[in-house]
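Below you'll find only one chain, the form predicted alone, shown as structure tokens.
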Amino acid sequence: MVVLANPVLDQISLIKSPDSGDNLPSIPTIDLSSPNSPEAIVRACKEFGFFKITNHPVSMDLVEKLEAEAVKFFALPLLDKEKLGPSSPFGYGSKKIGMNGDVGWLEYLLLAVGSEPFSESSLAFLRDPSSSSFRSALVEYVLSMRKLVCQVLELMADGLQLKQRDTISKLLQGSECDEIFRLNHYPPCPLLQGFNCGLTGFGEHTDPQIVSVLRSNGTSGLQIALKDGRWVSVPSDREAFFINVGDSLQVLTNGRFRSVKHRVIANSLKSRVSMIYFGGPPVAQRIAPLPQLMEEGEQSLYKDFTWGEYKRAAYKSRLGDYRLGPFEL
């Protein structure tokens, strides 16, 4: 077990396990090969802002290779990992999330991967020769995420009956896109044994980007908030990916899609490793409701802003803040 240095449990919130029962809805599962997937994606984005995808084209050998490399990295001595930090915002971090006082029971590696051409040379900060397999797996995985995101967004455009399938996906293509990749490790916390609660690993928040793609090992911990405020645990699935609607996509659809509030709870027994790709547009990209979706007489719910403006505002906020609030009309 990897133990985080100088644990500050008194600063990290305990969270009671959410209620379970037959009255809680199931997480939408969408088969990308199904002819009904466009409509199913739109329904999931409206009701949950979140869904699981199966029958995707990403090689599971690649996924497991990167996961194995991540596990090896997080098992390194703390001093070796700290050479890649502190995260500000990129690099290695432990417990501190962002720069505004948020903490969680995790360690992580946060990478900017939006440069073109994206290659091992762009990950030169992983300088140790023994990191070559880690670098190559990262590059291959990020490239596969780009393709997967475009596929999902084009199916989404079909479901929204947009004339151009690339109306949304083109915002995440090109050399200036603002993409981020995060590896999270949530160690087990034995002090929690016997208690009906978990330790906050990553506090509740929404993702500011257009979409994010999550994959985790076989350990649960992810929870999403329903429209009525109840929290639902997301069963782990090693073969699938999970898609989050981000704040920017909520704006692009003028509130038709909901940016999902989510959190991660660490438990007492199992280590959790997750890999998240965040798809953001170029910093100069204007984020506004798509004209093709606006009905006659419909007004925008949001002020005009660029991705760069929203990103800067997000970095100044706390995790749980309602970041879209200042941009609403």
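The structure displayed is predicted, hence computed values, not measured ones. The first residue of the shown sequence is 1; numbering continues from there.
Unshown form predicted in complex with a small molecule; subsequent notes refer to it.
Colleague: Please pick, from Val152, Ile97, Leu249, Leu214, the one residue with any non-hydrogen atom lying within 4.5 angstroms of the small molecule in the predicted bound form.
Modeller: Only one option qualifies, and that one is Ile97.
Colleague: Given that the small molecule is left out here, which of Gly93, Pro208, Gly221, Pro187 has a heavy atom within 4.5 Å of it in the predicted bound form?
Modeller: That would be Pro208.
Colleague: So in the predicted bound form, is the small molecule close enough to Leu110 to count as touching (4.5 Å, heavy atoms)?
Modeller: Leu110 belongs to the contact set for the small molecule.
Colleague: Is Pro89 close enough to the small molecule in the predicted bound form to count, meaning some heavy atom within 4.5 Å?
Modeller: Judged by the heavy-atom cut-off of 4.5 Å, Pro89 is in contact with the small molecule in the predicted bound form.
Colleague: Heavy atom to heavy atom, is Ser317 within 4.5 Å of the small molecule in the predicted bound form?
Modeller: So Ser317 counts as contacting the small molecule.
Colleague: Report yes if any heavy atom of Phe51 sits within 4.5 Å of a heavy atom of the small molecule in the predicted bound form; otherwise report no.
Modeller: Result no; Phe51 lies far from the small molecule in the predicted bound form.
Colleague: For the chain seen here without its partner, which of 133 to 141, 251 to 259, 199 to 207, 165 to 173 has a heavy atom within 4.5 Å of the small molecule in the predicted bound form?
Modeller: Careful reading of the contacts points to 199 to 207.
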